[in-house]
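Just one chain is shown here, as structure tokens, and it is the form predicted on its own.
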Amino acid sequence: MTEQAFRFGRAGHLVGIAGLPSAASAQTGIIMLNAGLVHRIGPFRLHVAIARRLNACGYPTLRFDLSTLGDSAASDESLPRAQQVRADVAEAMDLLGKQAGCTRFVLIGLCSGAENAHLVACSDPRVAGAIFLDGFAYRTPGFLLRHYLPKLANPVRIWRFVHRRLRPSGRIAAPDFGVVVPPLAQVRAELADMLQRGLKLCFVYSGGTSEYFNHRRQFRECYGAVASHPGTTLEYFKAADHTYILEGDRRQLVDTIERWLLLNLPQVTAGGGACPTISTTHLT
């Protein structure tokens, strides 16, 4: 594998780094989406670590910036954000298809990246799988019991809670940035449709989601039959931070992604043979 920088897109406005095979073309390509406002390297270079590990397994990768994020400019089109994201990811697929012969793709996204991966996976037939890192989850009765019962059992915590509620606060409420989480019924139906179409889905939650996800059991509480579908995989790293700040947590996540891909979407190359080695030039 070699890494190469590209400027691409209908307006030449998108910027990304692709890990490309040196010889034979590969069927499955990996596309990594921005996590919030962090540019394409990901938090603590997480996307770089994922890309290079998967490159070593023979998967072409592309870590790129969506329109107006990182080094990517605006497309000069007046499009709703959802439509813009779909168009950007479609052009990222086109690039890997042209450069590496990929015909199917796996999307990887953390937080807002998971939301965007979900958005694209709903409609683009070239998506064969998705890895949602701290994606959609919903507070259930089980979540509330696990969240509040330990606090109710501690009188000191009860006193602190009441004291905070009664004390005037000088804090200014934080803006919500216009983020709208879809209704649970809608997301459940969309996930069921993805699985029916044959997609493989991997859901990974970290301990950084404790305000809305706090146990593996909660996934089934949210999604019912989706949780037991053979195309669904769930991982819960309770000790990990939302951005995988610790190197050991990042390594555990990368190991998990590698194993999941090799099991569910093994790479198929035109030439076969051993996995290629990687040549890099300190690209980000």
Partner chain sequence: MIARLDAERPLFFGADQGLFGIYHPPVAPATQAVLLCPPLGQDHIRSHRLYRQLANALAAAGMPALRFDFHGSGDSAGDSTDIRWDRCLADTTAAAAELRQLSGCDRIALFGARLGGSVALAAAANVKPDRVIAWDPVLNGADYVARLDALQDSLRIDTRRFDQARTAEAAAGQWQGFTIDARLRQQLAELQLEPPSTQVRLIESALPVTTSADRQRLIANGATVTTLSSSTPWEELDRLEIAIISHELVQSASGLLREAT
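Numbering follows the first chain given and starts at 1. Since we're looking at a predicted model, the values are computed, not measured.
A second form of this protein, the form predicted in complex with its partner chain, is not displayed here; the remarks below concern that form.
- Think of it this way: in the predicted complex, its partner chain has a heavy atom of just one of 99, 103, 210, 75 within 4.5 Å, and the residue is 210.
- This chain is drawn without its partner chain; in the predicted complex, the residue among 69, 234, 56, 254 with a heavy atom within 4.5 Å of it is 69.
- Contact here is defined as any heavy atom lying within 4.5 Å of its partner chain in the predicted complex, and by that definition each of 42, 241 and 250 is a contact residue.
- Note on the interface: of 48 to 56, 254 to 262, 223 to 231, 24 to 32, the segment with non-hydrogen atoms within 4.5 angstroms of its partner chain in the predicted complex is 48 to 56.
- The shortest heavy atom separation between residue 266 and its partner chain in the predicted complex exceeds 4.5 Å.
- Residue 17 belongs to the set of residues with a heavy atom inside 4.5 Å of its partner chain in the predicted complex.
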